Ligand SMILES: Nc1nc2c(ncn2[C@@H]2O[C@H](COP(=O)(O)OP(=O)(O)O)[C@@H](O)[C@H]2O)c(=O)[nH]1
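Here you get one chain, nothing else, as structure tokens; it is the form predicted on its own.
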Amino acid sequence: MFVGLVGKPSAGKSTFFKALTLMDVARANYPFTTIKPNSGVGFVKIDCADKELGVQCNPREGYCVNHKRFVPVQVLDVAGLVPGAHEGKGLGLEFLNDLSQADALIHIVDVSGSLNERGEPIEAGTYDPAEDIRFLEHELDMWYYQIFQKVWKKFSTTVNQTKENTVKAIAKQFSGLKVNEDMVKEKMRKLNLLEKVITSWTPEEVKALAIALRKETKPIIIAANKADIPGAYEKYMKLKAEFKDYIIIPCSSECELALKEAAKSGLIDYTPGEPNFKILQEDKLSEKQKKGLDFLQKSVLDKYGSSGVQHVINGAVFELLKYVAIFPGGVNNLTDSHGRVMPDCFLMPPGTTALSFAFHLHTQLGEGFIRAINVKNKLQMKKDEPLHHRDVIEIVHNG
């Protein structure tokens, strides 16, 4: 799985990326600080299943703090997108194509309204962040449509001449955008295209299909960033009222980054996504640092319940994509050959069954599948039974 960070220049993508990953990246309040995409690992946070089973896990990847499991997710921060990106403005096409394999997009919006449409600083509150949501959606839609347009005439003629199944052909042609047959069939049905000869489709119908597939393959969650700036809360509430179909989460990536760096230095005890922190070495804090931490607590954590950054990545994976976290394990043995307790946790798409999870773990487990057991309640599961979030599953197999 990988999640892409998008938005106009200077909206705070690189700060959000660093707050998620703690990787060193260029950050500055002027357009196109990021030119090459930054790739790193962020983490979704879940209640670990180890507590219910009376053990302490030892993750192979990620980490666990106070039975809060942090599971890795690949994150890509691309350069800022400007109006006309799909036409190549601001190197937009290059940046958009970096996102072709993304499962979901996090749109970092400067909710304080302190940047114009090109990402240039202006007086806070004088720009409507709703314009950013509209512009980015349009750019993404036109990016998909342009990809379709580029090949459509030759592609549709070939499909018609060879009598190839239209659904299968479209899914194969655009698989690089994570399009699959089920998606294509559903969208074509809704657009009344299933019974139409592909060469008779109008440009409007091709465009409608491209946009429908964009929304399915590149869903967006909004990170209403810079929520700590005066006036940002009111603009955030207006966005929520106007864009009811979007998940919009207020956040301050600067706050999250400051807290994580203070925790890394041993000055505070802080778990990402929590509403507070504990000062560990007050004598090593300057008055400026104390005031800064007090500001973060009162202006961000107390006001919004967290910095929002953790909630955004969690929202992208679990609310937007509806993925579930599944632990492999055994009823009588939760330890691997290296002595690690519950070392693995996998993020799986909705509808994952016991059998498909077995294949995900290893082909031989799938091919030799006999049954699955829910480790928490020790009940057997059918091979086509869907798994649920935080299940611990034992695969019984031959061979």
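Note that residue numbering begins at 1 and tracks the sequence as displayed. All values reported here derive from a predicted model rather than from experimental measurement.
Omitted here: the form predicted in complex with the named molecule. The next part is about that form.
D228 is the sole member of D228, D98, E137, E274 with a non-hydrogen atom within 4.5 Å of the named molecule in the predicted complex. When contacts are judged by a 4.5 Å heavy atom cut-off, L20 does not count as touching the named molecule in the predicted complex. Of the heavy atoms in E216, none are within 4.5 Å of the named molecule in the predicted complex. In the predicted complex, at least one heavy atom of E254 sits within 4.5 Å of a heavy atom of the named molecule. In the predicted complex, the named molecule stays beyond 4.5 Å of every heavy atom belonging to V375. None of 228-236, 283-291, 170-178, 242-250 except one has non-hydrogen atoms within 4.5 angstroms of the named molecule in the predicted complex; the exception is 228-236. Looking at 1-22, the residues that come within 4.5 Å of the named molecule in the predicted complex, counting any heavy atom, are K8, P9, S10, A11, G12, K13, S14, T15.
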